[in-house]
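A lone chain, given as structure tokens: the form predicted alone.
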């Protein structure tokens, strides 16, 4: 873990220095004033409110959208992964086809599809259900991630030695029982690093939800630029880039550490 901590420290310091150098190169003597403007706008960029009184947008919205999309994709992806390893061709073939369609669909296209395919509201059983831009963004991101998680599930299950299946069958377990009680608990260690990588990829993908009208950090950044002037655009987008890096880089370091632990156990 010491090597990963050193890498984290060096990577964070290196990226910070590079972005700071870019900021100084662009703004020169005005860098101090630009940093003050960024500090004043930080609450709005992080929470969607100017004083952290509410968390209704900004970077917090990206985090919430990514968590909900990951939870939905985890459930759907596990079900799809079970279908992909099914012994029945009638189940396996459609599952593999659906996985390939979702995995090879551009995320931006899926988000636009959700924007226009899903209605703003539907009425069912006397109740009106609304589809806000955030909900459309969550569904649009969850669909392609579902395919990635299904592939991670399949790979994790196949990484478990076949002897585990044979031993469980000799004890009278059925296939689903073997999966639930024997194989999946052992496969989790193989899945975890890939799931973390998938989540990091998903979080980076939340930068696309601006097309749905969600009040994410890029939407707030555009509002700030329109309010304060295009002169600050470079600084604001560098700041947004830095926030994404600070969130995703620790996940990458932890993923690398977990992968090394799995190799050692093997």
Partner chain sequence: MTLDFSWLFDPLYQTWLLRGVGTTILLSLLGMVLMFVIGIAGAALLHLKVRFLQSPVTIFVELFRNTPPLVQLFFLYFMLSEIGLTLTDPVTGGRIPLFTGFTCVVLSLGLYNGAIAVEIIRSGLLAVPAQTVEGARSLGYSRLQTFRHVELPIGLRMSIPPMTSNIVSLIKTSSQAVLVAVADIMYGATQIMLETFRNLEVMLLIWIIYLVIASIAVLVVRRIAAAFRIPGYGS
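Note that the coordinates shown come from a computational prediction; the quantities given were computed from them, not determined experimentally. Positions refer to the first chain, counted from 1.
The next section is about a form of this same protein that is not shown, the form predicted together with the partner chain.
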*asked:* Using a 4.5 Å heavy atom cut-off, which of 50-58, 223-231, 35-43, 66-74 contacts the partner chain in the model of the complex?
replied: 223-231
*Answer with one of 162, 104, 88, 127: the residue that has a non-hydrogen atom within 4.5 Å of the partner chain in the model of the complex.*
104
*asked:* Counting any non-hydrogen atom inside 4.5 Å, which residue from 168, 135, 96, 113 sits next to the partner chain in the model of the complex?
replied: 113
*is_contact(residue 31, the partner chain) in the model of the complex, heavy atom dist at most 4.5 Å*: no
_Would you classify residue 257 as touching the partner chain in the model of the complex, given a 4.5 Å non-hydrogen atom cut-off?_
no
*Looking at the partner-bound form in the model of the complex, is residue 108 within 4.5 Å of the partner chain by any heavy atom?*
yes
*Please check if residue 188 has a heavy atom lying within 4.5 Å of any heavy atom of the partner chain in the model of the complex.*
no
*Answer yes or no: in the model of the complex, does the partner chain come within 4.5 Å of a heavy atom in every one of 26, 208 and 248?*
yes
